[in-house]
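Below you will find one chain, with nothing else, as structure tokens; this is the form predicted on its own, and questions on how it binds or moves follow later.
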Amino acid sequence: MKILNARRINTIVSMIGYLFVWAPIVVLAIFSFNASAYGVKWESLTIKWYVDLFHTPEIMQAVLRSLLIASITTIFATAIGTLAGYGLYKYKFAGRRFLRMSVLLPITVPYVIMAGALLVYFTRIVHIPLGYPAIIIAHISFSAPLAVFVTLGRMQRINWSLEEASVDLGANTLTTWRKVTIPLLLPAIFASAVLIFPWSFNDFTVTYFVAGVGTTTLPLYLFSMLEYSLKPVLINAISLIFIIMPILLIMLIYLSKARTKHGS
């Protein structure tokens, strides 16, 4: 009896949790097909907002800019974080423990403080003009620590005798890295990229501070739409598309793995 009651409680708590997470998304999805321009009350079913979305060049340009920035950030932040994590794990040097702790700072510091610090750093110290270069550098600075910690977590579960065996068999450092180390780190590299890309794509606070005049990413464009009440229901359509896309990607990866296991 107690077990059944515990199961019921767990089921109810789980349902409340799922409802809390998915209810806003369901409401957003429904109202993205609402004919009302402001989405305050339901009028009728329509897909015109999705048609307008793909016929609004400003939105499409903002999406392309955000995709480009996130892609560049992902490549460089993943590479830097992976190399840094490898060095912090494999090599012993003075201050290594302090350095590993300090890598956590960009993640723990509030974004507003970090954004203000980056703004001062770019404009007063290194004199990097605000805009896309500043945005990419800023995104790399707060994204690379993610790759560091993912890499460190992966490296603790790797059998490093494989590297030693490669060296013993006559392979040089580059060959060992290419044929042994990188394949061993591929799960961490992939996981880092999957985390960094949406983090960079969705960032608003840091981007807002370092974007400068005339630089618009998708989060900044959506904020301006809300600020000036320019068809805010379009935001529902954009949001639903970018919610569905990663879900479809995860489903494709899952189906691909299932087919691979079934084939083997």
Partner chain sequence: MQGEQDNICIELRNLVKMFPGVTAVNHVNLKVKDREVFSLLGPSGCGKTTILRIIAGLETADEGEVLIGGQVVNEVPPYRRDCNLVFQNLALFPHMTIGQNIAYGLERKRVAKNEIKKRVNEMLEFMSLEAMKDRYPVQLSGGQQQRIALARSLVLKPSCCCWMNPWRHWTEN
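Residue numbers count along the first chain shown, from 1. What you see is a predicted model, and the numbers here were worked out from it, not measured in a lab.
The protein also exists as the form predicted together with its partner chain; that form is not presented, and the subsequent description refers to it.
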Checking His127, Lys179, Arg97, Arg157 against its partner chain in the predicted complex, the residue with a non-hydrogen atom inside 4.5 angstroms turns out to be Lys179
Establish, in the predicted complex, whether Ala35, Ile47 and Asp52 all lie within 4.5 Å of its partner chain, using non-hydrogen atoms for the distance. no
Might Ala191 be said to contact its partner chain in the predicted complex, defining contact as any heavy atom within 4.5 Å? no
Any non-hydrogen atom of Ile75 within 4.5 angstroms of its partner chain in the predicted complex: no
Contact with its partner chain in the predicted complex for Leu104, defined as at least one heavy atom pair within 4.5 Å: yes or no? no
With the cut-off set at 4.5 Å between non-hydrogen atoms, does Pro133 touch its partner chain in the predicted complex? no
Taking its partner chain in the predicted complex and a 4.5 Å non-hydrogen atom cutoff, the residues of 145 to 164 making contact are Asn159, Ser161, Leu162, Glu164
